[in-house]
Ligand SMILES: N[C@@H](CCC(=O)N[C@@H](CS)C(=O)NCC(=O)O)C(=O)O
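Have a look below at one chain only, the form predicted alone, in structure tokens format.
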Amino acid sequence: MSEKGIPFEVTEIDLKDKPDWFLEISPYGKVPVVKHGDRLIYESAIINEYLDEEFPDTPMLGGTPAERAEMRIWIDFCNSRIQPGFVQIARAEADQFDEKVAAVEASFDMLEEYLEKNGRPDPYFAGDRLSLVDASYAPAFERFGVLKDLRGYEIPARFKRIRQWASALAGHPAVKAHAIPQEGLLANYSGWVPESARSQVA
């Protein structure tokens, strides 16, 4: 919304103590939810596409069917591989940590290979302006950043283009304006670390 210049108001939700009114409008009990007029839209990727179509002046999805399909593939990759990868590492038992990391890094290998083959990021997924792909990966990279303190894990230096992309996104004004402070992320996710791995918490 910030990137597209859409005026909005934010209502923060305590996910550990969700109010009844929120559960009535969010069937999965998850954030975000967007109320636009009489419409309630939920699920991040669907919200993003809805807003891009409803407010088309700053388009953030590809112009051709092929470009849109390509972007949707990598949005789905983020939602089905990268975002769950953060959860797998954060919640990994001590004796399964290396295994979970290897599985997540196999997904990073696929993403890094694609980025290198296609000359991306430049500096973002589709050039010098944010796209809906960037909007999906920015919060994912933000969460991976907290794993250094949470589990002693960082995205390895060999994933040069992924790290370059994450850094560019972190510095973008629209992303910076809504970034969650490190202490907030730690508060949100420190409870995910299992007892067997508590020694890894900084």
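As the structure is a computational prediction, the values presented were derived from the model and not from experiment. Residue positions are given as counts along the sequence shown, with the first one as 1.
Absent from the display: the form predicted together with this ligand. The rest refers to it.
K30 is the sole member of K35, K30, K160, K148 with a non-hydrogen atom within 4.5 Å of this ligand in the predicted bound form. Residue heavy atoms within 4.5 Å of this ligand in the predicted bound form occur in exactly one stretch of 162-170, 149-157, 57-65, 37-45, and that stretch is 37-45.
Put simply, L15 is close to this ligand in the predicted bound form: some heavy atom of it is within 4.5 Å.
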